[in-house]
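The chain below stands alone, shown as structure tokens; this is the form predicted alone.
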């Protein structure tokens, strides 16, 4: 009876005014975001049309980049962006998963909070600091120890050796990918840790009671329960890797050519824009840089769309 009476109580005047006002404000900001996004896309398309119209589809298939002769191609930045992001994910995802598992399942109570804070502070380090550290500390280490070992081992393997061949320069796609992997680590691990802690304790205790190991509990209980949040964290880290600029610019070598070896210098879309936008002379040169920005926008949009579809499919399988 109390619930029925509560439902029949007249709404206050504040509710009559506040609800429509709140709905209008929320709708305004939602539409504002779409307008800003549309404006960015229109500006990129408008700036890229001269280059895309001049070079056509070949703009995506050539790595020529010569401002003197007005010959431009986006293949090298596209390949560099995808390769460095892939390397970052191959390094960052296992590390982030291990950190999240340790903090939530294995870490002593007295160490959990300090370790979590330290990991999260990595996200606050400016990207230019990562770039300086990468150029003056990490790149010489790669040149002296890591890359010679890679060349002498994997570089001699038939078939895949060409992907690990070449002189050990220290700077290149591999170094940039590793730096990106370190940079995305705090983002992915923080989200994984938070979603792992949402798993009901009774589920894990039941699995342990049946004799499951810690790995079996994580793989068969925690990950299925949190897979949507885990995928979201990975996509957030991938978005950071695709768009990172300064740290990559310092260590990738900024070479507009496609090479088979990941030890060789290369470039990314964001690094090319950062290096050349202020020096672009001529309409075609500037339009080519706009075209690179538009391509990066499309790549990011496709990645996020795929992530959204994956999350929808996971939700359907889970029955939610």
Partner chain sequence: MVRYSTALMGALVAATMAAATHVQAAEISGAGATFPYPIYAKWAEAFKAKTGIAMNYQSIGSGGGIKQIQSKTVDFGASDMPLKAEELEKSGLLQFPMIMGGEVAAINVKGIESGKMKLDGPTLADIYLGKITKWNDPALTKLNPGLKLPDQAIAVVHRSDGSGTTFIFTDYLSKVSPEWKEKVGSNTAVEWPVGLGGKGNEGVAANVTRTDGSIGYVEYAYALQNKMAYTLLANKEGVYNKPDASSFQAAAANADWKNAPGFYLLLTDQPGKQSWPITGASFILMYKQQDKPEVAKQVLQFFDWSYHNGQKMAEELDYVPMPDPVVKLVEDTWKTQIKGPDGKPIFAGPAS
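Positions refer to the first chain, counted from 1. Being a predicted model, the structure only gives us computed values, none of them experimental.
Separately, the form predicted in complex with its partner chain exists; it is not shown, and the next lines address it.
Residue contact check for residue 222: none of its heavy atoms lie within 4.5 Å of its partner chain in the predicted complex. When contacts are judged by a 4.5 Å heavy atom cut-off, residue 114 does not count as touching its partner chain in the predicted complex. Though the partner is left out of this view, residue 280 does reach within 4.5 Å of its partner chain in the predicted complex, counting heavy atoms only. Contact between residue 208 and its partner chain in the predicted complex is not found at the 4.5 Å heavy atom cutoff.
Look at 28 to 36, 42 to 50, 56 to 64, 291 to 299: in the predicted complex, residues with non-hydrogen atoms within 4.5 angstroms of its partner chain sit in 56 to 64.
Residue 139 is the only one of 191, 139, 96, 74 with a heavy atom lying within 4.5 Å of its partner chain in the predicted complex. With the partner omitted here, the residue from 247, 88, 100, 171 that has a non-hydrogen atom within 4.5 angstroms of its partner chain in the predicted complex is 171. The partner is not shown here, but in the predicted complex the stretch 254 to 277 reaches within 4.5 angstroms of its partner chain through a heavy atom at 254, 255, 257, 265, 274, 275, 276, 277.
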